[in-house]
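Coming up is one lone chain in structure tokens, specifically the form predicted on its own.
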Amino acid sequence: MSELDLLISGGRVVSPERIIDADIGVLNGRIVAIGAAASGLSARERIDAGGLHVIPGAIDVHVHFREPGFSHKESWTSATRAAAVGGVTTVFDMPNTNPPTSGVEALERKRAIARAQAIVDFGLYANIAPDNLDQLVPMAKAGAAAFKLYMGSENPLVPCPPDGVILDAFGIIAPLGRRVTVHAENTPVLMHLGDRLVASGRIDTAAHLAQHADIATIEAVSRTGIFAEWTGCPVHIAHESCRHSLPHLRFAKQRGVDITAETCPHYLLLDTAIAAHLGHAIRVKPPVREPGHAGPLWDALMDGSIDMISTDHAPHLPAEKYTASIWDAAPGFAGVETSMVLMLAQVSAGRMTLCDYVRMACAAPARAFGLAPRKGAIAIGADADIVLVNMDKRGSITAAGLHSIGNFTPFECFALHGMPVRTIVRGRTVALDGRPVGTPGWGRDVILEA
């Protein structure tokens, strides 16, 4: 073998099944040797990973990077720097920008922005709109990584299509080799409850939770499974937050429906009691719910009913979060930089293992969204997307320390135990010791530039 570009030596390599001591050799952005085959080879760059765990880069299939249209909240530069520092090497960006990514022209415009700025790899969602069925195949051919369906939406940029259009869209997408990620809430229920609450004068934090009643999620998860079963379309449930939806998710899987699901750290680690001090700033869709949901969500994540961790990274400025009325508080918050450290803290606390984390943050999203075996694993032939983790390192989360422009976090002052110290994308270091060091434009489109 010719001289390696990079040799990572002395680390403990983590897969979903086991942890082994092994060196890793990288050439032309790919892993070409592991273990004895890598040891002793010459390399232009050598990294001593002694005392560190070596894991695949995390894949976050649910982020909102805000460009075009909302760059005062986030840019692709700031967002991918945050991702890199957080150990995330591949992101899938949602289509609710302005303009929304509902046609080929908008898709290509967003790709040009991402290509110029990104320091991590990326995929782009295409939107399923009430009036763009004729654009679905062209967008897939133009490199859309997946499709997004806002089954629960009050956003005029991405309104919920009628059920007939959803069925037609699923039928069109089924043979295309793409998955549809669904915001699974019932829009008519949300609109009806919201109108009634506003009319009654409710502006308190709890009104948002009352609007997003459990039944809105239960019905939509069930309907998604039925529509997917009928059409053969692969689907993915976004940001699962409700324990009552889990039997419907499991039932669809038992029937053989190609359905996967994600949850997010804020549903696993927060509830309305824990987050009461945040007031309206905790607003996110679906909501952080009352105590009693997190435990079943953890159980589902550990038994595989929920397949993966994502973040629903949706940054806003602090002024957009702290408002007099709950209805004026922007929903969502930054998450792509904090997800890994929050989950590593759970590993340190004994709630799960590092192998569990690699399964849910790396392997499962790669498999579900067609990126395996190139992404999500430390394996021969895979992209050298690698994160070095120091499980002894401690710290805490602060908004001031985050790299997103919209840096509000509900996890202010959360204690950390276990942190990424180096992030590598296709053999090149893009973050080191909490600092982004990647070159804008290094990130590639995972569909068009494989």
Ligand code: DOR
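Start at 1 with the first residue shown and count on from there. A quick note: this is a predicted structure, and the numbers were derived from the prediction, not measured.
One more form of this protein should be noted, the form predicted together with the ligand, which is absent from this view; the next part is about it.
- Exactly one of the stretches 192-200, 224-232, 131-139, 327-335 approaches the ligand in the model of the complex with heavy atoms within 4.5 Å, and it is 327-335.
- Contact annotation: of the candidates Lys375, Arg81, His316, Lys110, the single residue with a non-hydrogen atom within 4.5 angstroms of the ligand in the model of the complex is His316.
- The single contact residue among Cys264, Cys160, Ile306, Val284, judged by any heavy atom lying within 4.5 Å of the ligand in the model of the complex, is Val284.
- The ligand in the model of the complex is approached by Asn96, whose closest heavy atom lies within 4.5 angstroms of it.
- Within 4.5 Å of any heavy atom of the ligand in the model of the complex lies no heavy atom of Phe147.
- Contact annotation for Asp312: at least one heavy atom lies within 4.5 Å of the ligand in the model of the complex.
- When the ligand is considered in the model of the complex, His183 lines it closely, a heavy atom lying within 4.5 Å.
- The partner is not shown here, but in the model of the complex the stretch 49-67 reaches within 4.5 angstroms of the ligand through a heavy atom at His64, Arg66.
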